[in-house]
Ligand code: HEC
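Quick heads-up: it's one chain on its own, the form predicted alone, in structure tokens.
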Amino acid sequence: MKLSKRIGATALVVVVSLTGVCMSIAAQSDSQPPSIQLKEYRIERAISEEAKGCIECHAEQTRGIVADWAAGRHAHANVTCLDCHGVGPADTDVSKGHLQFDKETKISPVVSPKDCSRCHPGEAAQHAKSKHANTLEIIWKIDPWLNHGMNNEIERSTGCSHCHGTIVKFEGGRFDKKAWPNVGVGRINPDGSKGSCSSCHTRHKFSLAEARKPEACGQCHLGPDHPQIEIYKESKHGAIYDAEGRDWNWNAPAGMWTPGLDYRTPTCAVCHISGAGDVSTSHDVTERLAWETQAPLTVRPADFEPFPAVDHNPKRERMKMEKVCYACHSKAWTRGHFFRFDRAVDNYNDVYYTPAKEIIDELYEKKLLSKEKPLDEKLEIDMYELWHHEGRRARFGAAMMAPDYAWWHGFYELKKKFMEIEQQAEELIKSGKPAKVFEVKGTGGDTTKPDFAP
């Protein structure tokens, strides 16, 4: 169909005017302030009168939302506010505040993966079984800060919960402010579904291009414990992205984003989510992984006790990742890289983590360290950081070809940390006196496990 026919195929239904941010300076004298022009959003498709009312009202009240929606694919596909925010008879999260403005239209501010699944069933099903969707459950199973109340509510809500998610509580038509607003990737929604699609595809544009760029992942995957965005930027892949990425085609349709044609080097999405060759797109980020490099001791994903991957074969998934690499690299190059990565995993497990844990376990056995609370003694913090900080950086750096993170931020720091652990252990054993137990500041967080945790 010709472009002119595609444009003419839709009829004007409603015109919404917003105050634009563009300033008209031309044709103004120096003494005259610039005039504000009106920018017109023309909705050129048949939508319901109720949906038109939503758009017209929000064009006045929250114009940025309408601008994002109008620029996105949802608007182009006749997907309106009500398609995502409208509630059904069984929904309990009806906004009481919205009814004060519109008594007829019942909506929920929470758009969950279950809502998105009406149009994106495959993506929602894949996400539901992923570590992303279940990350709140995972940290409640393994995280000492939560399980022992070692941090408080405000530290959790502004830190941990921002990425991992909260359990959204909705009572009397209003949210519990301790759990909302939140777009954590493992958020538990009032309808029981897990996750928030807007963690990566931010509302209300829900841009495919945005989710394909590494900055989308870098919102959470950064810092001393999981610096994937910094590691990516150090790698050759990241250097090429920084130099050329602005010119790539980020808006190719799903399933048609092609290496060598639309982009020159992979981003996080290319390796972990997007399709390449005969490797299908998947929103289960555990796919294509042969190791759980975020765990204290590196294990296979199926052996990760807090959340074992179902039907996961590491050789099969490694082959998927290798096929992604083959789009740009030879088999010899690709297999050589993964050979070194596997050796780096063994090096961390055997040389650093296992012997360090044996030292700590001996101190517990001799009652020179207290098991009453974790992370209130210096040696406990050092052991925690050995795997949670330095150990992760070494493994992630090796996996993503970032030599500074693999060595200077990783294995070099592991050597120093091991020396510190060994020296403190020797001093405790020599003195026979238990380690100092500190009164950790900022404790008092609720230790009640949510229903999904054991």
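The structure displayed is predicted, hence computed values, not measured ones. Residue indices: 1-based, along the sequence shown.
Not on display, but discussed next: the form predicted in complex with the named molecule.
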Would you please decide whether Gly245 lies within 4.5 angstroms of the named molecule in the model of the complex, comparing each non-hydrogen atom pair?
-> no
_Using a 4.5 angstroms cut-off on non-hydrogen atoms, would Ala394 count as touching the named molecule in the model of the complex?_
no
Self-check item: Residue contact check: Glu420 to the named molecule in the model of the complex, 4.5 Å heavy atom
Solution: no
**Message:** Contact with the named molecule in the model of the complex for Asn347, defined as at least one heavy atom pair within 4.5 Å: yes or no?
**Reply:** no
Only one of 347-355, 269-277, 374-382, 360-368 has residues with a heavy atom within 4.5 Å of the named molecule in the model of the complex, and that stretch is 269-277
Within 4.5 Å of the named molecule in the model of the complex, all of His98, Cys119 and His221 (non-hydrogen atom)
yes
In sequence order, the residues of 378-406 that place a heavy atom within 4.5 Å of the named molecule in the model of the complex are Arg392, Phe396, Ala399, Met400, Met401
